[in-house]
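Below you will find one chain, with nothing else, as structure tokens; this is the form predicted alone, and questions on how it binds or moves follow later.
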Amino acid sequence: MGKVYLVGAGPGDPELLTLKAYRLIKEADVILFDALVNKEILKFAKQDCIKIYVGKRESRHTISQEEINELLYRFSKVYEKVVRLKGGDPFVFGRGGEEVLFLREKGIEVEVIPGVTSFLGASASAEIPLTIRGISSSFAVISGHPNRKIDWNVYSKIDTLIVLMGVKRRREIAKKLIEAGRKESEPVAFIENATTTQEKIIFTTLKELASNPPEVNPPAVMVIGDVVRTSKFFNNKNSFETLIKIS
């Protein structure tokens, strides 16, 4: 019987892998990887490694979560090292907790390898500090997925709000936040494909987002709050601007 490793692949840039994640990817007999994993990272795997795509994007699920759980169990009965490779961190909206509980119930040994989660990687790459003295002493991270019920009033007073998986509902989210009491003038940043060569930063305000949202393509992290103004890329104008960052 083998062991399953839930490995965080980080926000995109292969150089942001942890050393432990890099080692396990190189040693893995089987890798089950998600849609948000940079394909360059898979090149670190050994030649005879079995690589299986099990990505789930909105409305495009190649395989159900129950089937993924079963695959992990079956492979762990045959192979020594099974890596479940997830974008960002396995325990931040990655359903890693569900997989751990399932495998434990089956008696399979599991180890979780943390990764740089997407909201930290994206905000850092855009040079947006989530907390900064005098501007923000709190932040919250929520899912914008339509299947989740959200009490927007809870987030009306949080200094910095980060929304993951919220691109499709960005206009609705902005309206809900304004209704809950957040200022219309608050700046918003969307960081597309964070930390990669395809990274784009789109700046707007809650008011513009609610009335005339800019074009944004997933995957993108949404950051709301006055900390956005501190980014060196912020142009401090009322209209939004799209910035292609050149590293």
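Quick caveat, the model's predicted, so the values are computed rather than measured. The numbering used is simple: start at 1 and walk along the sequence shown.
Beyond the structure shown, there is the form predicted together with S-adenosyl-L-homocysteine, which is absent from this document and is the topic of what follows.
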Can you work out which of Leu177, Leu164, Leu130, Leu72 has a heavy atom no more than 4.5 Å from S-adenosyl-L-homocysteine in the predicted bound form? Leu164
Flag Glu99 as yes or no: does it have a non-hydrogen atom within 4.5 angstroms of any non-hydrogen atom of S-adenosyl-L-homocysteine in the predicted bound form? no
Examine Leu36 and determine whether its closest non-hydrogen atom to S-adenosyl-L-homocysteine in the predicted bound form is within 4.5 angstroms. yes
4.5 Å heavy atom contact, Val112 and S-adenosyl-L-homocysteine in the predicted bound form: no
If you check in the predicted bound form, is Ala194 within 4.5 Å of S-adenosyl-L-homocysteine, heavy atoms only? yes
Within 4.5 Å, heavy atoms only, one stretch in 151-159, 132-140, 84-92, 168-176 touches S-adenosyl-L-homocysteine in the predicted bound form. Which? 84-92
Going through 105-132 from first to last, which residues have a non-hydrogen atom within 4.5 Å of S-adenosyl-L-homocysteine in the predicted bound form? Thr117, Ser118
